[in-house]
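Presented below, as structure tokens, is a lone chain in the form predicted alone.
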């Protein structure tokens, strides 16, 4: 089988939609002197065309590291990332190749708008188009549509210091849309906005998702944001712990949690459950009426078995 056919098969799915983002076995280790911190411990995921996938999890769980790698901003220690039908693992691409491909495939938004302060809204968007090598006619055609689509046509000649927080966010998103991305990746994009403004930005992201068929992969700590997702991935200690549906309640995750089995056939038990069981280190496992039954084994039981 040739390489291109093999890579194409990675994106075939039982779903009717194509996979626009694929990650396989991502590991990221940070080294400080002689110490090492494993931020990602074998993460694999897919995002389909037009899908809304949101990432949740406590601070320090590895979410930001993950999205930076998926967006091509950082590289993993090991593992692979594919952007749709580009048919190449971007982790093996040069910095210049990643930037070039990202401009035409992935839009990235952050809490900070990342606008260049001395440029107007329109100039910021044109600069993105220039770096993406869009020709003049294509830029003109897209520019007016996007400014009106984002509701900032009347703000196009204003600079950042003349815009509200919500208008800055709209301008930042407009800059990502000028290149017609297949997926937008965001790390807490509404985290620094008030509830009313956040809701309006979320409405716009929904509109982008539905009307422009752009997939979304968003990190959030907000119930307001999470309930907009098609699928929620729960992250913990550098691994995907579980998935959730639209009925998620961030303060009651155990009610909707569907534990994830990763590519190494590992399943991770939530820390809250382990704590309720007094943190056992071993379990027995049995199958009863097609249900998996785990029974904790405690240190005293271990010692009795060893002494028998």
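Computed from a prediction, not measured in an experiment: that's the story for all the values here. Numbering follows the first chain given and starts at 1.
This protein has a second form, the form predicted together with a small molecule, left out of what is shown; the following refers to that one.
This chain is drawn without the small molecule; in the predicted complex, the residue among 264, 255, 279, 37 with a heavy atom within 4.5 Å of it is 37. Partner proximity in the predicted complex, defined as non-hydrogen atoms within 4.5 angstroms of the small molecule, places exactly one of 279 to 287, 265 to 273, 241 to 249, 52 to 60 at the interface: 52 to 60. Using a 4.5 Å cutoff between non-hydrogen atoms, residue 221 counts as a contact of the small molecule in the predicted complex. Proximity of residue 122 to the small molecule in the predicted complex falls outside the 4.5 Å heavy atom cutoff.
Contact annotation: residue 64 falls within 4.5 Å of the small molecule in the predicted complex, judged by heavy atom distances. In the predicted complex, the small molecule sits within 4.5 Å of a heavy atom belonging to residue 188.
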